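Only one chain is shown below, in C-alpha cells, and it's the form predicted on its own.
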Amino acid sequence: MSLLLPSIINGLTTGAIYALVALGLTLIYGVLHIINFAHGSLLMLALYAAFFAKTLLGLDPYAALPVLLLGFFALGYALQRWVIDWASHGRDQNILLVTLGLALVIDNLALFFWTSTTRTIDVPYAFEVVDLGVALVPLPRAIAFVGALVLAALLWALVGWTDLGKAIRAVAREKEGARLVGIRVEHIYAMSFGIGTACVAAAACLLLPTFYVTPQVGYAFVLVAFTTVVLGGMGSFLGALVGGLLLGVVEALCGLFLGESLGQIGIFALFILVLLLRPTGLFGARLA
C-alpha cells in the first residue's frame, strides 16, 4: 500500500491534464463533428509559448495562463473561421484533411525555427511537495490537478448555463434548426474551436513546470486524448473528465508493476476492452 496509494495519486494528477486536453477535443467533436488532427500541434505551440514567456519575459507559467488562454482562443477562432472553414468548403472529409495539413505545417515550422532540442524551465517551487499523509505530491502536480478540475468545471458551466453554451448545444444537436432561429452557426463553430484550443493552452501552462517541450511533444498527449474521448464517450464532457482520470491511474499502476516505459500498455488495453464491451464509451452522450 505504501507504493500503491502514491501511484494512484500520481496517476490522478497526470489524468487531470489528460482530461483537460481531451475536453477541448470533445467540445470540437461535439459541435463540428470532426476529429481535430491539429490538437496535439496546438498543444505543442502552447508549450513553446509558455516556455518563451518564462525565458524571455520572466513570466511564470501559472501567471501566463490568462494571457495564453486569450491568445490561443483567438488563434483557434481565427484558424476555424478563416482557414479550416474556408479551405474545407463545409465538407467534413475536407476538414479532416485541413486539420491534418495544419498539424504537418505547424510541426515542421516548429522544427525549423526551434530545432528538436528538448527545452525545460526552472521554477523555484519545482521540488516543493504537498504532504497528503499517505503520499508526498510535488507541488506543481497538485496545482495542475486542482487547476485542471477548476477549468473543467468552468467549461461545464459555460456550456450548461450560458447563452453561448445554449447556442453551442443547439448547433451540436441540429445545425440547420439553430440557423433557422437566428444562431450564427459559423460563429459558434469558431467559438467552439477557440475554446477547445484555449483548453490546450491551459494544459500547457499547468504542464510546463514539470515537463519539457519539443516539436514532437504533442503526439503522445493527443494520442491519449483521442483515447480518452472515445473511452468516455464521443462528445461527453463527463466522460472526458472521468476517462482522463481513469487513464492516468491505469498508466501509473501499469508503470508501477510493469516498469515506467510500459505504463501506456494499460491505457490501450483498457481502450480495446471498452470498445469490445461498450462501443459507445463509458458515458456515450453528446455534449452531456
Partner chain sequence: MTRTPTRREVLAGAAAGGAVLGMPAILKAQAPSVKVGLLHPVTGALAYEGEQGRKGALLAIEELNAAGGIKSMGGAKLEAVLADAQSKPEVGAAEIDRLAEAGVAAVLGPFGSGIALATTQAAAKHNLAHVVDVGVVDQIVQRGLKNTFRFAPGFGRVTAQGLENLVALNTAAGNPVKTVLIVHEDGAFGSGMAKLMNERLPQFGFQILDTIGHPTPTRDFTNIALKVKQANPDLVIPSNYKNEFILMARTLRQQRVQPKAIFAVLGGAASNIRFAREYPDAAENIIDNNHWFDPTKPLSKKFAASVEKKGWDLTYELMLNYSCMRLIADAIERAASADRAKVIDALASSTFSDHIMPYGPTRFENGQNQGAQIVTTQIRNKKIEVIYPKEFASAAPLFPVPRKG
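Note that the coordinates shown come from a computational prediction; the quantities given were computed from them, not determined experimentally. Numbering follows the first chain given and starts at 1.
Not on display, but discussed next: the form predicted in complex with the partner chain.
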Report whether the minimum heavy atom distance between residue 70 and the partner chain in the model of the complex is within 4.5 Å. no
Residue contact check: residue 221 to the partner chain in the model of the complex, 4.5 Å heavy atom: yes
Though only this chain appears here, would residue 209 touch the partner chain in the model of the complex if you measure heavy atom gaps against 4.5 Å? yes
Is the gap between residue 121 and the partner chain in the model of the complex 4.5 Å or less for some heavy atom pair? yes
In the model of the complex, which of the listed residues (245, 53, 32, 252) lies with a heavy atom within 4.5 Å of the partner chain? 252
Which of 70 to 78, 145 to 153, 198 to 206, 124 to 132 sits within 4.5 Å of the partner chain in the model of the complex, heavy atom basis: 124 to 132
Determine the residues of 141 to 158 with a heavy atom within 4.5 Å of the partner chain in the model of the complex and present them in sequence order; the list may be empty. 141
